[in-house]
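As structure tokens, one chain now follows by itself in the form predicted alone.
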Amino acid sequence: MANTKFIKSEFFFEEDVRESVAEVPVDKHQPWPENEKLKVVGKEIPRIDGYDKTSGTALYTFDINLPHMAHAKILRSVWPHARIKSIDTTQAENLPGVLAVITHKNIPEIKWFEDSFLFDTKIRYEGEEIAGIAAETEEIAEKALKLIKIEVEELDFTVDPGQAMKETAPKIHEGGNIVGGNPFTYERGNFEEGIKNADAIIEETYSTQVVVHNPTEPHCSVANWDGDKLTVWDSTQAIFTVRGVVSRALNIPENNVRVIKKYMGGGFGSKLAGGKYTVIAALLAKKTGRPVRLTLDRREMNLAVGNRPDSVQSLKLGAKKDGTLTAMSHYAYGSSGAYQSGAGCSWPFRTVYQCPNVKVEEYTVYINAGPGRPFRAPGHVQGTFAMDSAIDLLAGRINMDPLEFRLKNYAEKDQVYNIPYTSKKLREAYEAGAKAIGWEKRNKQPGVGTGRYKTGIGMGTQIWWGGGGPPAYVTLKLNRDYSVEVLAGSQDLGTGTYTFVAQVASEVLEIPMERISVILGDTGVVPYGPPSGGSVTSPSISPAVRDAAEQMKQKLMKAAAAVLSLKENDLVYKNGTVSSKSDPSKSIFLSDIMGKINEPVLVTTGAREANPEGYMIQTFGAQFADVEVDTLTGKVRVKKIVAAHDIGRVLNRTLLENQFHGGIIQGIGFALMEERIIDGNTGKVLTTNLHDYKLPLITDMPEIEVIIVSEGDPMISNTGVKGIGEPAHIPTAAAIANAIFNATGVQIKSTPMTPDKVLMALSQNS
């Protein structure tokens, strides 16, 4: 690496402030100009891994097939809350083809969550792991699961966070059902005084459902031991996290664990953590002396590997007649599931709009259900739905246009830390989005018009971090034939990381994309990179790629100076050729430089620079929805979504469009159809397959228009990139809800906004 220093680094990752000591470059590169002036970055370049995926040659974790590989399955609890009294695996072990069975009885105690273990004798939710079986085939393993005899003491359970908060509720953990023991609280100004000064006040309660990630590719691990060295192929968003989890669980050094993930069929946050299934696969591989593959089925995916928590949010807002917000309060609770996970949803409420008097109190609650896990903008989707629904309602009380109301309360600085943003173009996003959707055509009074079908236009506001930060490293290798390898400790979730990494390297070195190969997702060969979640991948990795490429360019300039017997300051690099400024006839092509060097490979390692101190890095945006409501059936049809966003520099317009389309489709699912349903009498999940758990289909897709109002954020990094994974999802449900309100004059306060809820609201309003 070039000249570096160590700093204390802070950046947001999925609503948590991450702090670490990171090595960063001392010398900074001049930020790039606008995208139009760049040759490769920002262009609509096809995915470099597109052929592999469309031809079927791409290897996903499930496709790993090793010699003598065994197949594993997990016995999961059918009880929501119980204590194991005895377990007998004799019949399962004696079944022909069964190779190994592991339970809490025959493996060391492996600490997992809080006061629980890998296999615990106390069961806290339907689907919790009880035993693991390896067999010659998956079918034999499944048959063996049914032969395990278990005697349990069934315990009282609770699957509703509101009930779980009561003193009389069954205790899921010894410390009680409130995660951390206390609520999160925040206050600025004086809420009571602010509400007294309001001319208009609204007080409403909104609720959102639990939704499940359900990526196309299920969670899967393949584990193989070679002596004391373990290789794990894992469908993960965080190869280094998985390495750490496996190392600690098995009590072996991290350098004995190699985690590989080349291709992946989606994750959305569910694959950010190391899973029990990975450790179970490794234990079974050790016990059998054979490679083991463990793949979860769709039912397991809906029970045990994460979800977006639900929420109940009681909001009280006050404003002056001119639209000035005077006070805002937010009381909320949501379920963590059986183990600790965040259910907070108040960040947008605290910081999107300028308001001097704000009060927040929110609880995360244990219930007897599968644990929560980050899901594409955790907290923000729930919080934005409630907040922006309330904003529209309050604007209506004072007969003010909702967009005008938002502009009236536009926050120029971060409201929580009272510091400036590195950049903010939300105003421009409002203007561009409103123009594209035809905001002036919306109903001036919600619900006006007659007839069965009513149309309306609504909007929602987006704020998310997405700034990334160090530590993130990239190694670049230039071969003698001027082909390039770029090695990054990142993962491609299907979002196009392979492609933008190659684009950045190509932009700097001016080498054709086809001569650049990218290696990701292998802890055995790549330098460290952050988990791929929280919209941090591109803003963390792209600056490190550029740094490594710029260092390589400088090496080539130095080598050319020696070859041409010229001074470095007389040289210029363009189109892969180094030339003399004073005598352009003196030049040498990149491959010729490499031919003169004895080293067959030149290597550089780049790093992500430090984030600027005293500034908040955020993405901003607004989404506008045009909907049609069938007042006879209650069905809502989304006709068009306009997404106008400030997300820094665009690395690849095609990839950006893909991300926005995917996020918007997920937002439609959250708004109108997706929901995990648990039977309160039995504690059993009723929606464990893709027939009962309704996902959006191609027929549910509206027209989508994406507008980017930013050209880059030069303060944050040498590429000026912010992440886009989360922003596309966040405001979609709020925009749809407000469009329904504009169409019908009735506000639906609970997601999913299914036909029955729409009809009920319409009947109550008639």
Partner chain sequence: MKNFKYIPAESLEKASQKKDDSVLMAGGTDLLGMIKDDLLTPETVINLKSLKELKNIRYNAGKGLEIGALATITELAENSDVQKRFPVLVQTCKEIASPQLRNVGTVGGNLCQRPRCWYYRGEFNCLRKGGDTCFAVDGENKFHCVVGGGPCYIVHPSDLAVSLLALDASLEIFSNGKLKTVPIDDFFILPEQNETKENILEPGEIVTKIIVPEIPAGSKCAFIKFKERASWDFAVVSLGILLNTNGSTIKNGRIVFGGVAPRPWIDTALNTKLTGAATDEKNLKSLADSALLEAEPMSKNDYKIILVRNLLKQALIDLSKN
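Please read these numbers as outputs of a predicted model, since none were measured by experiment. Numbering follows the first chain given and starts at 1.
One more form of this protein, predicted in complex with the partner chain, exists but is not displayed; see below.
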Does the partner chain come within 4.5 Å of a heavy atom in each of 477, 602 and 715 in the model of the complex? no
So if I measure heavy atom distances to the partner chain in the model of the complex, which of the stretches 589 to 597, 644 to 652, 358 to 366, 681 to 689 falls within 4.5 Å? 681 to 689
Select from the listed residues 78, 169, 563, 249 the one whose heavy atoms reach within 4.5 Å of the partner chain in the model of the complex. 78
Counting any non-hydrogen atom inside 4.5 Å, which residue from 200, 150, 118, 695 sits next to the partner chain in the model of the complex? 695
With the partner left out here, check for me: in the model of the complex, does some heavy atom of residue 146 sit within 4.5 Å of the partner chain? yes
Under a 4.5 Å heavy atom criterion, is residue 554 part of the interface with the partner chain in the model of the complex? no
Even though the partner isn't displayed, in the model of the complex is residue 52 close enough to the partner chain, meaning a heavy atom within 4.5 Å? no
Residue 700 near the partner chain in the model of the complex, any heavy atom under 4.5 Å? yes
What residues in 433 to 456 sit within 4.5 Å of the partner chain in the model of the complex, counting heavy atoms only? 452
